[in-house]
Structure formats: structure tokens, C-alpha cells
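Shown here is one chain on its own, the form predicted on its own, set out as C-alpha cells.
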Amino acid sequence: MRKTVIATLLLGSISLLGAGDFDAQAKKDLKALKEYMEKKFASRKDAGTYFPYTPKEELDKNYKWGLKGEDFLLGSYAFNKNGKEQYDEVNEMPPYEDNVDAGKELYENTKFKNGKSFKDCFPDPAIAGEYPKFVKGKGVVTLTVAINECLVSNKEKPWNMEKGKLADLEAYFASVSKEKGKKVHIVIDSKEAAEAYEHGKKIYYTQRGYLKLSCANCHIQGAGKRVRNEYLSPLYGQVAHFPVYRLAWEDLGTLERRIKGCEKNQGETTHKLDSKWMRDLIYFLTYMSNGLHVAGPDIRK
């Protein structure tokens, strides 16, 4: 199975790089993913095909059907009725509001020692949907990496890439992007960018760790299924709401922090948060939300 998946990815890469349209394969991947997820959650009558081991009573009472497009921005709350009720209750007083305010203060009123600020690096704060970007000579640059690059270029120390000030600033960027109706718009416009995307896709579909699981096992094949008391969220739309305030963390965290946690759950040695491995994976993940509105920051369990 693993060899078949990798062979398919490599064939996709060959056809992509020979076509001249650098995001041709990525567009096909996104279209196929969207169609699969919408079909999976289309109707209760087809549930037996996609959820053969889920109790009938649970499918009848706790699943919402007929999901389309932007519905998937809610992750598992899109189909999990009980979870959605709890989500709505918590969102009456969002626990991340103070983080957004702190991020706004960092952006608008905090000066570096040289007199410059984040405004010099990011003149428009409505940029959450534009990252990650592929930059020639650097490779994939996530928003997390870009923020630390801004700090270092201004002789400041880089921040923790999982939480704290960096997550606060990302929350502000996401909030402004959401208010302005910005969409996720990830660009693949070169052979090198296409190769980075394909590398991220290969990572996503490759089984790893002592549990021999891939990301796809949980978030494509397993999307919508319950593991103990938790429902697995679909890949489509999955990262458009970051950064997130996780109730398990009691804190706001970046996408890199969440991926690190997933690696641990897979029984895998974690990768550095600014590694090529991490950046290319996030490039693929975010492209799989292309065209959807920025929905962060948000809450997850």
C-alpha cells in the first residue's frame, strides 16, 4: 500500500513538471479532495459506505449531513452536532480575544531597538491567507518563519514558534484577514515550488512512527470517524482556522505546534519547527484549503 501511494505521488510529480502549469497537479489534488469530502458527508443513506463501523444510532442522532465547501472550515464541528453545541457555547466568549488584542499591540505599537516595527516587514496585516510562500533561494516560508525572519533582520531575538508572542501576532493577522473576507491563496508558480508541494504531499501520505500511520489515515480515510471520544477532522479546510486556542492546551498555539503534537501521537520523532520537512508539509496542507475563507483564530479541543 505504501509503495503504491509513493509511486502515485511520483507519477503525479512527473506529469506536473512536464506540463508547464506548475500547480496543475495541486489543483487536481484539491478538486479530488473537495469532491471526496463532500461525497463522504453528503447523505445519511450513504453512511454505511464511509462509516461501516459507526453505530446506526450515532449516525442518526449526532451527524450532520449535506456538507459543502465552507462548512468544512469548522473541522469536526461541521458534522458533529454535540461538539458543535459545545463549540458555540465556548465561542460566546472566545478565549483567544486577549491574544488577538496582544497581537494587535505587537503590530501597531511595539518598536524594535532600531526604531522599526512589524509594520515595516508586513505593511498590510491581512496576510494570513497568503502564507506559506515559496521564495526562491529560501524555499517555503511559513508565516511563523517570516515573523522570526523579521525579528532577526532587525537584530531582535527570534520567538518561540509554538506559542506566546508569535501565536498572538498570527492571531491578529488571522483576525484582520477574516474581517476583510480574505481567502486562502497559496501560489505554486515555479518548478521548485511544485517540488516543495510534492514533497509535502509525500510526507502527508507516508506512514511513519511505531504506529505506522500517515496523516491521511486519520484526516482523509478516517475523517469523520470517532476515536474514543474524539472525531477526526477532514483535511479539507483543516488549517484555515489557525492559530487555535486548544482547550487541551488552555492556550493559543501555532500550526507547527499542532503538527508536532500529531507527530508525537504517531509515535514519531518530531521535526524542527522551521525544518524543510515542516515547511513543505505546511505548504501542502495549506494548499488543500485554497479558495476557502480565512477562519482563524478559532477554538479546538
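Residues carry their position along the shown sequence, with the first being 1. Here the structure is a predicted model, which means the values were calculated and not measured.
Missing here is the form predicted in complex with a small molecule; even so, the following discussion is about that form.
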Candidate stretches 259 to 267, 25 to 33, 54 to 62, 41 to 49 - the one whose heavy atoms come within 4.5 Å of the small molecule in the predicted bound form: 259 to 267
Residue contact check: residue 131 to the small molecule in the predicted bound form, 4.5 Å heavy atom: no
Contact of residue 204 with the small molecule in the predicted bound form (heavy atom, 4.5 Å): yes
Distance check, residue 67 to the small molecule in the predicted bound form, heavy atom within 4.5 Å: no
Partner proximity in the predicted bound form: residue 185 to the small molecule, non-hydrogen atom cutoff 4.5 Å: no
Contact residue in the predicted bound form, from 214, 177, 80, 148 (heavy atom within 4.5 Å of the small molecule): 214
Interface residue in the predicted bound form among 230, 98, 108, 189, criterion: non-hydrogen atom within 4.5 angstroms of the small molecule: 230
Non-hydrogen atom within 4.5 Å of the small molecule in the predicted bound form for each of 144, 163 and 273: no
